[in-house]
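The chain below stands alone, shown as structure tokens; this is the form predicted alone.
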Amino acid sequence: MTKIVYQGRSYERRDDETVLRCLLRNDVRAPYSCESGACQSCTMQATKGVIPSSAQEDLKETQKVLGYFKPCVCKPEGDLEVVALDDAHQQKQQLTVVEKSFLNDEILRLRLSCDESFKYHAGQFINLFKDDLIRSYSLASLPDSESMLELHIKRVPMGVVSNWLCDDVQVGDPLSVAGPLGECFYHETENEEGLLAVGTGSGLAPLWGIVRDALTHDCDKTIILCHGGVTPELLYYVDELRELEGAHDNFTYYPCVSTGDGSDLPDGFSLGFPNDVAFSKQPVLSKWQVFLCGHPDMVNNTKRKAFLMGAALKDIHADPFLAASRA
């Protein structure tokens, strides 16, 4: 017999019994529906042990990397420690603000230090807590080469948390966070043709991390990044991205402005929404990985169009964020 460890308790798994059936037999409440691996409503995350490949069929490559699996069809050969997705990585920890600066009139950059090791993939996000409020912010930093975590925070009119971070939080202050979370990060896939990254506003944060992570890991496929704002002044990291573009022949950066007629645009800027510019530069997306972050309408519309232009659903990455939530 093998053991299944869940929420600190160990359960003996009977021969030919799935992980889900083992937990249900021991009165563990777990979501499920079809019990055939089709609906994926029972998906959990394994933190220790070996997952059979059959229990990860049809999952995204990034989900497999994170240890996601379908317990309803999982019959491990050895012991397995698992957590529910709602519980995964939700233990709070304290980070310290070590740098605070504004990248433009509405985007704040916070850099945070952590006493303990903080393992994450470039492009994932953390949940930040203020009293009973929770906000999700993407990580713009690289896990292997940068010691601090970097957040890009857009000031939201009447936004309690964003204005608190912009106006009241100071260098040296502790912040309570949980994570990392999310599946929007780069993982090399078989026969991939390239990477297309599209973002607006502070949605550049995860894309800045993802693109640099791919290049750091010697990705030699074509990489295109389109970042958009209403005016040129609302874009940021333009010089840094152009420097990155100059250092890598396979990377192209398009700063995009969505208003005006283009007559007064600075050199090197494109007129139009970033998704429209992206599709004009790369109209065929078969075997391309697509990364999206920014305004929800842009993300949803771009998902649909990217699929129609050939991108597989499993290769379209975007983490949904709610405007506000409570603990």
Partner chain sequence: MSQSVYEKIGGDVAVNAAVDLFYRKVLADDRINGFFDGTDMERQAAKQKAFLTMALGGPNNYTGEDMRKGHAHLVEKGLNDAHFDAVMEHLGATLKELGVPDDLIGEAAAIAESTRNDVLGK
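As the structure is a computational prediction, the values presented were derived from the model and not from experiment. Residue numbers count along the first chain shown, from 1.
Note that the form predicted together with the partner chain isn't included here; everything after this is about it.
Stretch-level contact check against the partner chain in the model of the complex with heavy atoms at 4.5 Å: of 22-30, 262-270, 36-44, 276-284, the positive one is 36-44. Proximity of R9 to the partner chain in the model of the complex falls outside the 4.5 Å heavy atom cutoff. At least one heavy atom of D58 is located within 4.5 Å of the partner chain in the model of the complex. For R304, a non-hydrogen atom is located within 4.5 Å of the partner chain in the model of the complex, even though that partner is not displayed.
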